[in-house]
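So here's one chain in two forms, each on its own in structure tokens, numbered structure 1 and structure 2.
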Structure 1
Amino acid sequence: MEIEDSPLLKEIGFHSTDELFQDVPQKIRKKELKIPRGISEFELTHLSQEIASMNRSFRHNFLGNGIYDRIIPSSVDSIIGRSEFLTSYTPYQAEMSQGMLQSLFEFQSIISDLTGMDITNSSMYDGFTALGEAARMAYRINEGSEILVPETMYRSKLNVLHSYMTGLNVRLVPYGISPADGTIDLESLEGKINDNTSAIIAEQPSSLGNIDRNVAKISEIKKKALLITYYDPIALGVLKPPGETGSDINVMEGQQLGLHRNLGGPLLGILSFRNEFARKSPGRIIGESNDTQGKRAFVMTLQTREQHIRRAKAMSNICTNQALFAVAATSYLGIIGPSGLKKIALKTMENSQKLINSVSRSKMLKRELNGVPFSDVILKYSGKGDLQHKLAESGIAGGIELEKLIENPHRQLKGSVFLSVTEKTGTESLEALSKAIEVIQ
């Protein structure tokens, strides 16, 4: 190694780099590293292209259920590609990191405005883990031993929530979702609420894809329990914000706000809550203050809740979060603006109606669920074999089976599939879909 000739080595009085590791006992030295030797950038890029081409790209996309192919303004990628943002870290030296701090403060603000909630922290890992943290937070606040969850919650989300409940004296208790229209069965829910209920988790739209009018009614029946809502942020282009319908804590997955799908990660967890819960909340929070001259300045605050100070008694262990994507979401919302978000939400709904129309002639796919879908349209599938597989042969991604997502779906819904749309779903994709379905029949 040429490093043996490094002038630094002589400066510290060592003859060989071996001396740097004299404190590592011989018997635990690594004898061999079974990893190929390094290659040049050119070779690496070529190899990567080859590997990327092993992935199949689809002309028509109908996959959603949490991760969506939405419009991403080019400016968003450009902003988060700024190396001053990309290659910085947690703003420990606040004065030198005002750019990131102000951006994160703006993220907190813009999300609080959009959701009508008081406070938003500066990001969590993703929607599911943020939901887990929200549930822990609710438990810290009122210590009830039960948290109510919709019975149709996706298995993956439920599993993550479950992991986050480890070690707490909390049971997750399912409440009913109507198989007729995919909305919350308020009677079932009310029957489960008692003095031990820490929180009620409600999804908007529901995991069956429909806009759920009953989410807004929970605050009337919730008693002492906290209402944790899980909103699709794009739906806020047309729906009343959770802050206006009684949410105590609101969670969102921010991937739709300017992030590429990236096989489902990294994502952006968004956590908002009411003022009085600030000191029980997890995660980093940026506050506005001023410098010695009275000039506006931003800094991390409420740090006494956090792991580096409170250690075992911290509100959460989270340290590294998703700051860069908080900047992406802020830029996205800034660029799209209020009328843009509304149009995107409306277009999504328009496309889900079109999708229902375009499959309506098919005998194999039937819309049996009543109610209004947002992005995810559930359809009863009566054909044979795996629809997702068959569609893939026609260059269409979509048609995921309900059973792959939900543990024990209602009897009436068994054998259903999802086809999801966004504002990007074009007529040509809808046509390709109806054609493919005809052929499959």
Structure 2
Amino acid sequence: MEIEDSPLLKEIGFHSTDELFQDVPQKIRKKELKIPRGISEFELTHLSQEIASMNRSFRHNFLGNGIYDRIIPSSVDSIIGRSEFLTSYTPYQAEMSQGMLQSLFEFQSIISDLTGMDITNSSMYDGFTALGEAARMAYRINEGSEILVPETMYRSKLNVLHSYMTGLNVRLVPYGISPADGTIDLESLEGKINDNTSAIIAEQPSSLGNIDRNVAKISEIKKKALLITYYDPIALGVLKPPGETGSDINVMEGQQLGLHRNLGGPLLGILSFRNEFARKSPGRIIGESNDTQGKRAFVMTLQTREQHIRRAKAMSNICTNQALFAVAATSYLGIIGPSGLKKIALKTMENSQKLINSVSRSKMLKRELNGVPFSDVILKYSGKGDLQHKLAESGIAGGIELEKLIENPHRQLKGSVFLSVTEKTGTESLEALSKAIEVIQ
């Protein structure tokens, strides 16, 4: 709806709503909502609900690639819905915030136990920005001018890294990923490592969805460079933790640990590292101490942000954390326990294989990548048109094109699509997918 001559628009320097939203591409704008002027709040709400009801709904979900639809115990929402957590923010007054401080301390402890790392800070914004903070942290430690990244890293993740490196004399240098099984090409990686290498970033599972056995071998060839690993936290139910495979800094996206998808955010960044790098870490670390009466007390042990110390000495300008979601992750992991996490990881892998089997009869989709997939399964699509739109007609969400996520993939992988599963993926959904593909043929 175009509004002109609005006092508010004039106040902020615009003449119309079209001018206000000029950064939004024309092709995705709704041309006319037909909302009458001057209607009441009740009428506007009712009309908005009618418009929203026109949205297409999906009965079966095969979307993933970083945000996953997992089973969340109802007790998680119950815990973080309590006013003590829901209304809490950064606990500046320790004497007023012992409950939140203890919860964040427990978050750090349980994540450090999960990852096998020495220290975890009290959370970051999301996985991608946490990776950017990890890269800057590595630069502060050894000041190398190059950071090696997988050539198949998602474009969106790479863009965030580029943004975080702005202002530093650091180049992001890609290294090879085998198009045969999606694992790190160790020969390619070793050839890129030199005295200027600040860090090596490795993903587990890889961006192509497979569990990468070569991540554990990087510590043998990394020389003075730091190893930054980006792990799927659910995969740690079946994989060796990064602390046991030579990681210096580990990053995770915590959305899968008790957070709903929420249309893609907000999320939970998790950052863990070796003890000797604590003074170079961003954010804050919660510690345990004793009060003046000798009782157990929790405090902010380390605060390295610019608001707390001299700006030039700050490790980061990250000004908050995801405290509520850190509590959610702590609750989730505490509820399911180690055995539950292992069962969820194994069920996910089982469903990945079922997905491959369910589409194996199709001539349109073929599994060409060798190796063991975790949640994201990459399949070569030989049909015409956009598979994602075709599946949507059958009420199925999924089939994202590889080229939409990864810049310049290997020639043999071009034309591939992603279908993703979790422990939640049921037989009904797999059968619906199989039938939909048969119709496409």
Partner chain sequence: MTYHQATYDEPLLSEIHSDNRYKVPEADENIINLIPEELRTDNVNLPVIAEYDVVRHFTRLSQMNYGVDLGIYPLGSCTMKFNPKFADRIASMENFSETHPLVGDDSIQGSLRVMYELQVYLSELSDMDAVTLQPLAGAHGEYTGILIIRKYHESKGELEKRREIIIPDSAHGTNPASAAMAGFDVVEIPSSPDGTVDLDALKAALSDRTAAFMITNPNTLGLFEKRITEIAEIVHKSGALLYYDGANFNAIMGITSPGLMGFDVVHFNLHKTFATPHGGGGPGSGPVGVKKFLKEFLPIPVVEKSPDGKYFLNFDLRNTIGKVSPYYGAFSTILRAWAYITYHGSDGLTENTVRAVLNTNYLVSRLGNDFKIPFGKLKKHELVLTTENTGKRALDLAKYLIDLGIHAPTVYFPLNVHEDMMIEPTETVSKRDLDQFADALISASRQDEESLKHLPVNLSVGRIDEVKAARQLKLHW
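Throughout, residue numbering runs from 1 along the sequence of structure 1. It should be emphasised that the depicted structure is a prediction, and the values quoted were computed from it without experimental measurement. Under this definition, the rigid core comprises the largest set of C-alpha atoms superposing within 1.5 Å between the forms.
Source of structure 2: the form predicted alone. In the core-superposed comparison between the two structures, the C-alpha atom of E428 has shifted by less than 2 angstroms. Once both forms are fitted on their rigid core, the CA atom of L47 lies 2 Å or more apart between the two structures. Core superposition places the Cα of R56 3.3 Å apart between the two structures.
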